[in-house]
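Below you'll find only one chain, the form predicted alone, shown as structure tokens.
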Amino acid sequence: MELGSITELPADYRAEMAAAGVTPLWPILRDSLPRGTPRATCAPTHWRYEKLRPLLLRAGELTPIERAERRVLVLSGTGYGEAAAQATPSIYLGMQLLLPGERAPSHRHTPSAVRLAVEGDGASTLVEGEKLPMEPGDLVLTPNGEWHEHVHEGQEPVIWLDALDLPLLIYLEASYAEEAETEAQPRIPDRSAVEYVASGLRPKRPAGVAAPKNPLRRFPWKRTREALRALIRSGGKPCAEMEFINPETGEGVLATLGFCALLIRAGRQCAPARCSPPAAFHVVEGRGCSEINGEKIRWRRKDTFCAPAFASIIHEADEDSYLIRIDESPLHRKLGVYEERANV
């Protein structure tokens, strides 16, 4: 059925509607409710680390941390324009630089964030007094409303990937931040090294003592990598995937964004189901190619790329490759719109 255009309506009627603050639905109905599949603004985009790194280092020369607060280059998805602060509808990605001796001041904000360490060592993120080392591949949480700051006590530049649900909070007009004094000393040890050292184990607490809301804020890459290799050895499949979860509840680590680690064996392919949430991928190790809706992206270590909703994705690895997938699946499940379709 072909729907009418607003230009077919008389000019005086259109003027009266505008004066009344209303607009007809039928000319825009198919834009809001397309047939069968959402109309995606998000498009496959590839950010090459070899191009980003020199730009970040120059930003360190041009802008001191005191003036920047957070020295970040935003990864703008091609579907949203050059200056857009989003890679997918609900995912903001940014590559952040911290130089030796620098400290990014303490603040908290309504968006939730995850930091994925990319390069360097000696930096830590302090979250609510818990000091979390940032080694390449580590996943560090700064959930919404929690005070956090970054400090660098090493010798070389440290770079990490930020992933936030910022676009969603901006759309909801709920995005804001607060600042505070920096922590003189950390008050809590890294729980990943004390309370949650092994999977399937958690501290026993006295009756009436609840677990922390966000008990595990750091997921060391070494353990994640070992878990993926053990899984793929036991199954003999071309790829293995593991989800980052809250060890006390079994749910995802954030309310809106989901995180998974993926291992693709050398010379093998994997074609996951076409999922309703758009996704971003960061390459921790390896090199290979991902075909997204027929468009090939050849990636290597430290690159980042994204895929739109219901994308047909085929990953192929030239060598054993480890990727982190970031998607909006927790939000889709809460809204009751999560869906998977066969990748055909």
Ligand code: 1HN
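Just so it is clear, the structure is predicted and the values come from calculations on it, not from any experiment. In this text, residue numbers run from 1 along the sequence as written.
In what follows, reference is made to the form predicted in complex with the ligand, a form of this protein that is not presented.
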If contact means a heavy atom within 4.5 Å, which one of 106-114, 258-266, 215-223, 75-83 is the stretch that engages the ligand in the predicted complex? 106-114
Would you please decide whether A240 lies within 4.5 angstroms of the ligand in the predicted complex, comparing each non-hydrogen atom pair? no
Does the ligand come within 4.5 Å of any heavy atom of D162 in the predicted complex? yes
Answer with yes or no whether H150 is in contact with the ligand in the predicted complex, where contact means some heavy atom within 4.5 Å. yes
Taking 4.5 angstroms as the cut-off for heavy atoms, does R70 touch the ligand in the predicted complex? yes
Mind checking whether each of S290, I297 and Y322 has a heavy atom within 4.5 Å of the ligand in the predicted complex? no
Between the options L126, L254, C270, L166, which residue brings a heavy atom to within 4.5 Å of the ligand in the predicted complex? L166
